[in-house]
Each structure stands twice: as C-alpha cells, then as structure tokens.
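Next up: a single chain in structure tokens, the form predicted on its own.
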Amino acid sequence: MSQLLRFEGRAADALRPIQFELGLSKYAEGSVFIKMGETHVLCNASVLDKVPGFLRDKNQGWVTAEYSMLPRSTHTRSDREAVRGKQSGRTQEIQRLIGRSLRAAFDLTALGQRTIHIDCDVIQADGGTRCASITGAWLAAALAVAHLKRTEQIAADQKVLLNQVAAISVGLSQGQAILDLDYVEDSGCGADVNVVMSGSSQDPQSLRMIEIQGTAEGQVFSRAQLNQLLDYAELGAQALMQAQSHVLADQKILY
C-alpha cells in the first residue's frame, strides 16, 4: 500500500500540534483555550450554586455544556444562532454530546448540589471542533473542581473527577486509516468517526469508550478497518490525556 501523504508530512497516526492556554477568561472558575492545529476553542467552566429542577433535593450536582461557532470561525461568515432565533440541530447535538461525555467522568454526588456549566466557543474551525471542545472542556472542568477545593467548598481529598476525558476523530482517506482529521480530510474522507474516551494518562489499559459516532461517507468500511480506526483513536486519546496531565502538573493543580 502506498504511503498516504498528509498536510505538512504528518503521519497517518499523528495528532496535529496541541496547545492549552489556561486562564484566558478572568472570571470563569476554569478557563482553557485549546488549539488542535488550526482548530481553536475557548472552553470556560462556571460553577453555579444550583441544579436543574429535576435534581432538586436529590443531593447531587450536574454538569452541562453549551457550544457555539463564532460568525467568522469558518471561511465564510455565518449569522449568530441568536440572530436566527434558534439553535441548529448540529449545535444541540454537539452540546449534548459534550455534557454526556463530561458527566461520565464525574461523581455527581461528590460535586454536591451545584452545576458546572461549560461554554465551548469555537474561535476558528479546521475540523474536529466537537473533539477539541470535549478535550478542552474536561480540562476546564478539572480547573473548576480545583477551584472548589482551593476555596474549601469541597474537601481537598474528595474525589469528584473519576477519570480524564478526551475525544478524537479518525477516518479513512484513500482507504487508509488516519488520525485527527483537519477540514480538508474531514470533508473528503470515505468514513468519519468521532471517538470519546475516558481513562487515565498513567494507564493505557484504563481507556474505555464513552461514545462512538461513525458514518460512511462515500466508502463503506469493514470490521477490520473499524478496529484499526479505534486503535488509532486509543493512541490519540492517550496522547491527549497525557497533554492534559502535563498542563495540570506544570501548574501544580490537583483536581
């Protein structure tokens, strides 16, 4: 099989460069600006001393998310959804995915009767915005939990976040599996799969699936190809979790 040529010579199983900038937003309890290649997302986590009505008096907390793409995050300007008067189905689906993904890592009882509300705003989009949002949102949530412990609203030894969460895209291009698709690859691939995983950067064997979203886009794929895509996704998720851990360790932040 011929070697697949990707932008800037990136290997089939290589991530785009990833960067995290903490504290970009002054007022949020957790703020992370994540860059995955040319996809840039600002993730702000706010701690609210309330829970949704269906959780009132249930002695547990909640984690939820909102997602939006800024008007000029893509090649052409799009209207703000607030101007159109409603969210698109895509926006609703992605923000529900972010919330589900993060709740899978939380002990909501340990969080107490409060909500961590995460806003994911796409500043620049070049493929994989939902995956970057989830990966950055987990780090923002970890910062928010660290804030609660630092301000003694939660005991320092209370385990609130049980696992890390990261998400990555994989796909088939020219019949070959590739990791972390940019926009050109995403729009031209034969199959597109987004994988959300939980686990620990310290233990590759701990990785577990939270959600898999996969679609054939012009090319059906075999079980063997799916297995290879999931193998690549595991490699990517583990690398992202290691990057998350390095950022927290550098800041001496315990969550």
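For clarity, every value in this text was computed on a predicted model and none was experimentally measured. A residue's number is simply how far along the shown sequence it sits, counting from 1.
Beyond what is shown, the protein has a form predicted together with a further copy of the same chain; the following relates to that form.
Asker: Could you check which residue among S222, Q202, N59, S187 gets a heavy atom within 4.5 Å of a further copy of the same chain in the model of the complex?
Answerer: Result of the distance check: S222.
Asker: The chain here is shown without a further copy of the same chain. Which stretch in 173-181, 80-88, 133-141, 150-158 comes within 4.5 angstroms of it in the model of the complex, by heavy atom distance?
Answerer: Comparing against a further copy of the same chain in the model of the complex, the contact stretch is 80-88.
Asker: Examine D107 and determine whether its closest non-hydrogen atom to a further copy of the same chain in the model of the complex is within 4.5 angstroms.
Answerer: Output for D107 is no: heavy atoms all beyond 4.5 Å of a further copy of the same chain.
Asker: Wondering, does S245 line up within 4.5 Å of a further copy of the same chain in the model of the complex on heavy atoms?
Answerer: Flag for S245 set to no.
Asker: Decide whether A11 counts as a contact residue for a further copy of the same chain in the model of the complex under a heavy atom distance cut-off of 4.5 Å.
Answerer: No - in the model of the complex, heavy atoms of A11 and a further copy of the same chain never come within 4.5 Å of each other.
Asker: Taking heavy atoms only, is V51 within 4.5 angstroms of a further copy of the same chain in the model of the complex?
Answerer: Contact with a further copy of the same chain, no.
Asker: Though the partner is not shown here, which residues of 23-44 have a heavy atom within 4.5 Å of a further copy of the same chain in the model of the complex?
Answerer: Read in sequence order, the residues that approach a further copy of the same chain (within 4.5 Å, in the model of the complex) are L24, S25, K26, Y27, A28, E29, E38, L42, N44.
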